[in-house]
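Quick heads-up: it's one chain on its own, the form predicted alone, in structure tokens.
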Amino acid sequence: MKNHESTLNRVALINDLSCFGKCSLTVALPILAHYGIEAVPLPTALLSTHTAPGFEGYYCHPFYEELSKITEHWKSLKLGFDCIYTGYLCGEEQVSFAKKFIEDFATDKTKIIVDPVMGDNGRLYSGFSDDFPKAMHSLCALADVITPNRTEAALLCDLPTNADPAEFAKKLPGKAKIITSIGRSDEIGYYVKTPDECFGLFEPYLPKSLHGCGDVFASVFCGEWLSGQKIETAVKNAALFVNEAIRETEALDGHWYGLAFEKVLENRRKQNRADESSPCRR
């Protein structure tokens, strides 16, 4: 049992805090709260904004010693977690830290989700060494579920980005693999391989760059999975959430920097209130 007991599921979120721009922790915290999950953040870096074009000159302060000091205190409190969910890690040293965190805090009942944030559009993000994908591969090997985009899947597998998604899924580490940003013809979506099932989910391609889709997807997936859904159902519900968030974002002016996921949460709350007040409710 977890110390400092709670009837809520508790998730450790090892990810960066980008103050403006709707990604990583600023996405995961409110989404998981919506699911009634206790989200415990462990920031790997503090950024003024996320790093997309349009935010040039951003401030970034990575954390190293701070992470160990925080986790040593948590160990003294004997904190336990139902899930450990990792996102952006600043380099090999933080990958090693994440592996040690899993070793120290995970039990055989702890769900492990790794979002191997390290590249997009066919390239490794600047600031990462050529050895970083190998380090990330070793972290993904500890995961129950990994959620790479196509570029990250290619980097993890040492395959070209235009390789068949089934080939990615065959070579990727982890028990279940959810590959995002898979394009085919005029569609884009997800390729999923679990121990029990293999399938794709696709929607019409929107010729526009929208930031933070992967973070929203992984956070909703985490919320759905911890709420008792099977992995396959959690993937489908997360994909529906992202699609709705894209539509809500498209309806807003000047919202290029992140998904308007708040509108979707608001829509869900309104729907829940309407269902509760329905005269047909028994």
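What you see is a predicted model; the values in this text were computed from it and never measured. One rule holds for the numbers: they count along the sequence shown, beginning at 1.
Omitted from view is the form predicted together with a small molecule, to which the following refers.
Margin query: Under a 4.5 Å heavy atom criterion, is C23 part of the interface with the small molecule in the model of the complex?
Written below: Within the cut-off, so yes.
Check: Hey, in the model of the complex, is N237 touching the small molecule, heavy atoms inside 4.5 Å?
Finding: No, N237 stays farther than 4.5 Å from the small molecule in the model of the complex.
Item checked: Residue contact check: A52 to the small molecule in the model of the complex, 4.5 Å heavy atom -> A52 belongs to the contact set for the small molecule.
Next item on the list: Could you confirm whether L47 comes within 4.5 Å of the small molecule in the model of the complex, counting heavy atoms only?
Entry: Looking in the model of the complex, residue contacts with the small molecule include L47, since a heavy atom lies within 4.5 Å.
Item checked: Listed residue that, although the small molecule is not shown, lies within 4.5 Å of it in the model of the complex (heavy atoms), from R150, K193, H137, H211 -> Of R150, K193, H137, H211, the residue with a heavy atom within 4.5 Å of the small molecule in the model of the complex is H211.
Next item on the list: Find the only residue in A98, V117, L172, I179 having a heavy atom within 4.5 Å of the small molecule in the model of the complex.
Entry: It is V117 that has a heavy atom within 4.5 Å of the partner.
Margin query: For the interface check, one of 250-258, 211-219, 66-74, 32-40 should have non-hydrogen atoms within 4.5 Å of the small molecule in the model of the complex; which one?
Written below: Single hit among the candidates: 211-219.
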